[in-house]
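The data below hold one chain only, encoded as structure tokens and taken in the form predicted alone.
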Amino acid sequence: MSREFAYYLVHRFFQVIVIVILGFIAAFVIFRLLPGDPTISLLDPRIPPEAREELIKRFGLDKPIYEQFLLYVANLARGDFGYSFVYIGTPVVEVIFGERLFNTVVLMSSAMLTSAILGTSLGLLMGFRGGFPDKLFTSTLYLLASAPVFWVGLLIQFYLGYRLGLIPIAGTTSFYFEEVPLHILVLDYVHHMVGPLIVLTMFFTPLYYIYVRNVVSNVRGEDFVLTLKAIGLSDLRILLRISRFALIATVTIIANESALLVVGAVFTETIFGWNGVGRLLYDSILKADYPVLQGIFLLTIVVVATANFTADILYYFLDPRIKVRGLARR
């Protein structure tokens, strides 16, 4: 590792730390400014006001704002995100982490990986060849990208699930209270994931394709590409040479969409009844479960900052020009 690259990593690392700290402060402020009374979701309207006051004291909502902030920082330092207003007595960490986060990470990482491979490959091919197939394919994917996700999800659910019976209509598994062999449980889990995976792949693939196709379409007219053709390299070898530029676009999109690894796809998870963080986010908004919302927000900040830090490192290796220009700013 060169000294310049080491400096670059340290510099970017401290930037990420500052961003995360500012994000944590913003989370505290935002969730104190949100309208509504979180105790409404916990108490029956017929309960006396004294019970509501006792609940407010239990959650520390009656303390001055600076004391709440100090308590917030102290709790974060030991990994305590507080307790859910809805799942009474359950720590936020237990509500978010575990099965819900696992389900969302599996679904979203599968969808993003499948879309990245499919969209990047098609974008490379169509962007390099051009012509009528490129125009037809690009127009089709633009149309697909403009379709509302919830509408596509309902169509997939109706035709593949209800009419044809090829996929489960909703749920994460069919075996909630039964003990079955592991391989059967895994196959059933994957079967339930097919529907939301198709929807998310249809949503993400045009995004990767359009970016990569535009990059390759611009690069194919560069002088170095013409030189490679002049010396007799095949189209396949030239395409492999310029694939680095496409990978930069792919890495950028993955970094920008990294928040979905935590919050999931709210509409898709809700439509298909997928027991993930996206569905939890939707339910927490409806029920004003502020500690859970804040926990999801904090986790998203960390994931996005980490993903962009990783992307910056990959840029360093993918494009030599970024090495020179990025390090020259110090």
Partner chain sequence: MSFASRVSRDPLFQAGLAILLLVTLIALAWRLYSPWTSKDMVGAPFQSPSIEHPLGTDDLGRDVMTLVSEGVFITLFVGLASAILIATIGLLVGVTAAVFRGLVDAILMRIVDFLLSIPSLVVALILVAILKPSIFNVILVIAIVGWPASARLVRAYTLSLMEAPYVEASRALGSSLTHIALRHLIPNMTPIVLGSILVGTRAAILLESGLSFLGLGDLERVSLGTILFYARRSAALISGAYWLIVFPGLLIMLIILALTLITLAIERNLKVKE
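Please read these numbers as outputs of a predicted model, since none were measured by experiment. Positions refer to the first chain, counted from 1.
Although not depicted, the form predicted together with its partner chain is the subject of the following passage.
S.K.: Counting any non-hydrogen atom inside 4.5 Å, which residue from 189, 151, 175, 97 sits next to its partner chain in the predicted bound form?
M.R.: Of the candidates 189, 151, 175, 97, 151 is the one lying within 4.5 Å of its partner chain in the predicted bound form.
S.K.: Does residue 31 reach its partner chain in the predicted bound form, with heavy atoms at most 4.5 Å apart?
M.R.: Residue 31: contacts its partner chain in the predicted bound form.
S.K.: Within a 4.5 Å heavy atom cut-off, is residue 313 in contact with its partner chain in the predicted bound form?
M.R.: Taking the distances in the predicted bound form, the answer for residue 313 is no, it never comes within 4.5 Å of its partner chain.
S.K.: Though only this chain appears here, would residue 162 touch its partner chain in the predicted bound form if you measure heavy atom gaps against 4.5 Å?
M.R.: Contact with its partner chain, yes.
S.K.: Is residue 243 close enough to its partner chain in the predicted bound form to count, meaning some heavy atom within 4.5 Å?
M.R.: Judged by the heavy-atom cut-off of 4.5 Å, residue 243 is well away from its partner chain in the predicted bound form.
S.K.: Would its partner chain in the predicted bound form be within 4.5 angstroms of a non-hydrogen atom of every residue among 23, 155 and 271?
M.R.: Each of the three qualifies.
S.K.: Pull the contact list for 300 to 315: residues with a heavy atom within 4.5 Å of its partner chain in the predicted bound form, in sequence order.
M.R.: Those in contact are 300, 301, 304, 308.
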